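In structure tokens, the next block holds one chain alone, the form predicted alone.
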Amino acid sequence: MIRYTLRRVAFFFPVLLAASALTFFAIALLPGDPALAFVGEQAEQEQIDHFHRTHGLDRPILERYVDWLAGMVRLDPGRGYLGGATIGDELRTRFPVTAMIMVFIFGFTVFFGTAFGIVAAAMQNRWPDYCLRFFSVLGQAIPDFYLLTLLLLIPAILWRYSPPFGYVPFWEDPLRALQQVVPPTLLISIGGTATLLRVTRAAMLEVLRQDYIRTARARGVGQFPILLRHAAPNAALPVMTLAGALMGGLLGGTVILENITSLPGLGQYTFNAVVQQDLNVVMAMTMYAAFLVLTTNLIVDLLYAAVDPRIRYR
């Protein structure tokens, strides 16, 4: 287990370095001059040159990459083209908002997806199974932004009620914070829940057909212990794989959610940077997303070995 962990951690940093190089050079070599988006296409050459000097765009690209990478390691990616607070300060301010959103979305997705999947497998070809399968197809078909828009429109039209959007820190007013976060995160987790439900159901059905499950039933073991003690752990690997992959999709969900519900998180910050063509912020947010995805994959790989001791690097 220790050797497996060390090898997986050793792969983490070269992949992250490759992601940083791909992110920087892909964005830095985009056609066009970012200065023109901020000082205007009719600006004097002196203004354009001043913008280049201010943001280091007049230096060789390799030198810029090394300085940018060093800043990322120090958690100080510099400033955006629009000035104001540094990117690091914005990250520290906005990260708690996004972290709270992602914890709720991921928690709802994993809890309801696995629970409903186990129920559907245990009640195969009966009405609970049919209802949950219908929900899974419907949940995968409806876009997230449509559900969040309905969250705004339906209460306003039917009951003249507007949900308490905005942001209040959880430690200042826990009840209001939950009212702001729980409804939209519950809605936006429907798509992931539907996908995880289908995978959990398929994995559970495959395990429930194994000989050792039939042997346990023949020995008089109850349905509940069979599902949770014998079947669920052996069906966990594909479920864990999908749960880790869904973490990357949560980043896109936070962008939609934060902009619709006016939550000042990293998703809103990234969206504004893309609209304003603030490439420094876009690069930093892309690396934040890459780090999160790679960290999630590393955790999932380590959990593989914890759940199934047969998984080892040879």
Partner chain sequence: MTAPVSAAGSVLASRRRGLASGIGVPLLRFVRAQPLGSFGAVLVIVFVLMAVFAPLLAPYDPRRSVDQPLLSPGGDHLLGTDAIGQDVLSRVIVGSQISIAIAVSVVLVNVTLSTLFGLWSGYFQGPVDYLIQRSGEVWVAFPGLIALLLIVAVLGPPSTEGGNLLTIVWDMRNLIFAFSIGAVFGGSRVVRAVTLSLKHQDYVIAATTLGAGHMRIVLRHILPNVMPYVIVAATQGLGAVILGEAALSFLGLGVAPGTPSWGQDLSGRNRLYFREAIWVALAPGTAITLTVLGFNLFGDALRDALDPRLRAGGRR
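On a predicted model such as this, the values are computed, not experimentally measured, just so you know. Numbering follows the first chain given and starts at 1.
Missing here is the form predicted in complex with the partner chain; even so, the following discussion is about that form.
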| Exercise: Gly56 in contact with the partner chain in the predicted bound form, heavy atom 4.5 Å | no
| task | Evaluate Arg198 for contact with the partner chain in the predicted bound form, applying a 4.5 angstroms cut-off between non-hydrogen atoms, and reply yes or no. | result | yes
| request: Consider Phe145 of the chain shown here, and say whether it contacts the partner chain in the predicted bound form, taking contact as heavy atoms within 4.5 Å. | output: yes
| task | Indicate whether the partner chain has at least one heavy atom within 4.5 Å of a heavy atom of Leu153 in the predicted bound form. | result | yes
| request: May I ask you to choose, among Ala216, Leu186, Leu205, Leu237, the residue with a heavy atom within 4.5 Å of the partner chain in the predicted bound form? | output: Leu205
| field | Interface stretch in the predicted bound form with the partner chain - options 145 to 153, 70 to 78, 112 to 120, 174 to 182, non-hydrogen atom within 4.5 Å | value | 145 to 153
| task | Answer yes or no: in the predicted bound form, does the partner chain come within 4.5 Å of a heavy atom in every one of Ala10, Leu62 and Ile105? | result | no
| Relative to the partner chain in the predicted bound form, which residues of 251 to 265 have a heavy atom no more than 4.5 Å away? | Leu251, Gly252, Val255, Ile256, Asn259, Ile260
